[in-house]
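The chain below stands alone and is given as structure tokens, in the form predicted alone.
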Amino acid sequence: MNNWNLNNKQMEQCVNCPVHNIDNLVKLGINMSNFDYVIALAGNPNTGKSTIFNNLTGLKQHTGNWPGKTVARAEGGFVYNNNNYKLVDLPGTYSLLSTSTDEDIARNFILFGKPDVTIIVVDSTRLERNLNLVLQILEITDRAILALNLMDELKRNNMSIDLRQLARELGIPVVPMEARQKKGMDELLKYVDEVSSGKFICKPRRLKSLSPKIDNAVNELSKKIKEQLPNLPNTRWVAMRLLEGDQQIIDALNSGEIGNLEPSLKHAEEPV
């Protein structure tokens, strides 16, 4: 069993490692004039996303709204291992099925904004409920990290998680964390560096339909979309959404404005 205590000891052994030490993190706040990689921060509400965002950027509050939306937006920057990162905190959502403005923003940014890494923050004490969003995100992107937060509460509830098995099943790095105490931040930064640079190749789990007919329909439609829109990322996921009747995707394809669903990557506004 690869539990939290084992990983915590492993992380303590890396304290003096110059590459993996959080002391090498430089918080840039809203100074993001030049960045090498874009990182998305996703997850259910109340999982600790904002705490991780604050730990990385030094910001303590949201910086404005998404363009044209009334949903709060936070963007910040940090430097790690000689790379500049732009961090985008997406609205907390339970799914990406486009039933609310929050879900639209999160889904469209991960799909069309094509972040270099998506950090998925989950509540370790409610892992089963959180996995719904995790699996949906892994249908969209090949580059993701699971931040397994609130491990201290998991331990207090006398529960444990087999981290190695979870990482094998999901095909992405899994990082145990206590974000409020900044535990796990060094390992998270290590994987952000490795996934964004291509040193670590994720092989995310993709769900298969129980029906071969549905699989064939998705594959055929995906090929046709790829022929018409060769630059569109993850045509398989778009095909699935079309077959499920996602009206926003249908309208965007019919109008030729599918790329316009991408949320803006403008710099953050000054804090108020």
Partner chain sequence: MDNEVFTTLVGFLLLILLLLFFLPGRGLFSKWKRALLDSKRVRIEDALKHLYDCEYNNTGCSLDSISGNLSLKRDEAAGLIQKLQSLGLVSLGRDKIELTGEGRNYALRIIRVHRLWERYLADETSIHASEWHERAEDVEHILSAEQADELAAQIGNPLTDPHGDPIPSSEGKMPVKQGVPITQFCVNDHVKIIHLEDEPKTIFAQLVAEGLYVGQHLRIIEISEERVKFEVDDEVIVLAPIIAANISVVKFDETNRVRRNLKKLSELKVGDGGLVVGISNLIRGQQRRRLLDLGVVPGTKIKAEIQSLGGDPTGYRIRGATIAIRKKQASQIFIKEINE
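The structure displayed is predicted, hence computed values, not measured ones. Numbering follows the first chain given and starts at 1.
Here the subject shifts to the form predicted in complex with the partner chain, a form of this protein not shown in this document.
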Does the partner chain come within 4.5 Å of any heavy atom of Ser33 in the model of the complex?
-> no
Check whether Asn82 has any heavy atom within 4.5 Å of a heavy atom of the partner chain in the model of the complex, and answer yes or no.
-> no
Interface membership of Arg129, the partner chain in the model of the complex, 4.5 Å heavy atom rule = yes
Should Tyr94 be classed as touching the partner chain in the model of the complex when contacts are defined as heavy atoms within 4.5 Å?
-> yes
For the partner chain in the model of the complex, the stretch among 106-114, 185-193, 83-91, 120-128 with residues bearing a heavy atom within 4.5 Å is 120-128
Using the arrangement in the model of the complex, list in sequence order the residues of 164-203 with any heavy atom within 4.5 angstroms of the partner chain.
-> none
